[in-house]
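Below sits a lone chain in structure tokens, taken as the form predicted alone.
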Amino acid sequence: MKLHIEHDTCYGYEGEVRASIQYLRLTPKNNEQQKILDWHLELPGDANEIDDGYGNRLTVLTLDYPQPEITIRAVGTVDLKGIDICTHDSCVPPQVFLRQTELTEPDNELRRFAEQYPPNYDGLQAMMRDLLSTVRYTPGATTVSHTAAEAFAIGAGVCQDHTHIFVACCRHLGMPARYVSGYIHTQDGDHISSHAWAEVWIDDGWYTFDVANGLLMPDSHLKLAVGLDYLEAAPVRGIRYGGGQESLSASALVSRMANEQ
């Protein structure tokens, strides 16, 4: 499946920002599940590109002059291969993803939930189904700062919360699990579709668990970055000096190429 992606992020400010640094994980890489046909970033200044500790492509945008807003645009075309397992797309061993973070550390309730399921592929499928019925998809119920335990207690959240809870449970069961940021194409047409899901190392590869959509096959998922949690895989993060009150406008449009219909 060939997809075209247009992702716009715009930060507006009450006053001028004197300087800022943006850390962008907006450039996908080739792997067994996806081939990047073309991709570019449109940025308001010069940037440097490196690979971070997990092998994600990291763009560092430094602006050292006043600006009233910051607009970032990612545009590209990819070919998704429809392969269910990814084996060689990380420069660190899977065991690194056993470590909990502040966002994924489970409390007693979350540990009890995880311990109901055997630590294997079938058990994780059952846990994924039950998690979605336990924590309903509810936009606005949480913020980016909510932890897995907090979202589980509320019983509501979005894809970020589902992913944090799922990886927390997997790690508690002794299974390496990582947070994935990216995009998803849905069958009901073009969709606002920046997304997050989990991957779990089972035997010899990383398997997809998209809790929010109940999906196990990443044939509609474009991976941008992986990390221990949202903070390590977020497409856009930054710091600034000045500017006062901040507003954020973001949209991600993912469409299937016309000749792929």
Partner chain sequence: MEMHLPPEGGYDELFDADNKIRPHYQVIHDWLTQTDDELIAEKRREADLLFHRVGITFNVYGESQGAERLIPFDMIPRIIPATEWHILQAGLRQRVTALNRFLFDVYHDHDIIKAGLVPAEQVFANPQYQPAMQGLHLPRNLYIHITGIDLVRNNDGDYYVLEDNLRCPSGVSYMLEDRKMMMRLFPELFTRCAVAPVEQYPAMLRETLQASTLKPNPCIVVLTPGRYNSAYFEHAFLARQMGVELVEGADLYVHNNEVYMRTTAGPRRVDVIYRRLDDAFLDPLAFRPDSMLGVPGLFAAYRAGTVVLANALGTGVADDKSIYPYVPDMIRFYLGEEPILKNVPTWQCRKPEELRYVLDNLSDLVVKETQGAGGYGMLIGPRASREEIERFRDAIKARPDNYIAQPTLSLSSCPTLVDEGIAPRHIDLRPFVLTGKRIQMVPGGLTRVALRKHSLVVNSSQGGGTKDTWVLEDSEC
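Residue numbers count along the first chain shown, from 1. The shown structure was predicted, so the numbers you read here are calculated from the model rather than taken from an experiment.
One more form of this protein, predicted in complex with the partner chain, exists but is not displayed; see below.
- Though the partner is left out of this view, Leu80 does not reach within 4.5 Å of the partner chain in the predicted complex, counting heavy atoms only.
- Under a 4.5 angstroms non-hydrogen atom cutoff, the partner chain in the predicted complex lacks Asn108 among its neighbouring residues.
- In the predicted complex, the partner chain lies within 4.5 Å of some heavy atom of Arg99.
- Of the heavy atoms in Gly238, some are within 4.5 Å of the partner chain in the predicted complex.
- Only one segment in the set 162-170, 120-128, 86-94, 133-141 has any non-hydrogen atom within 4.5 angstroms of the partner chain in the predicted complex, and it is 86-94.
- For the candidate set Leu43, Ile202, Leu58, Ala212, a heavy atom within 4.5 Å of the partner chain in the predicted complex is found for exactly one residue, namely Leu58.
- In the predicted complex, no residue of 68-83 lies within 4.5 Å of the partner chain by any heavy atom.
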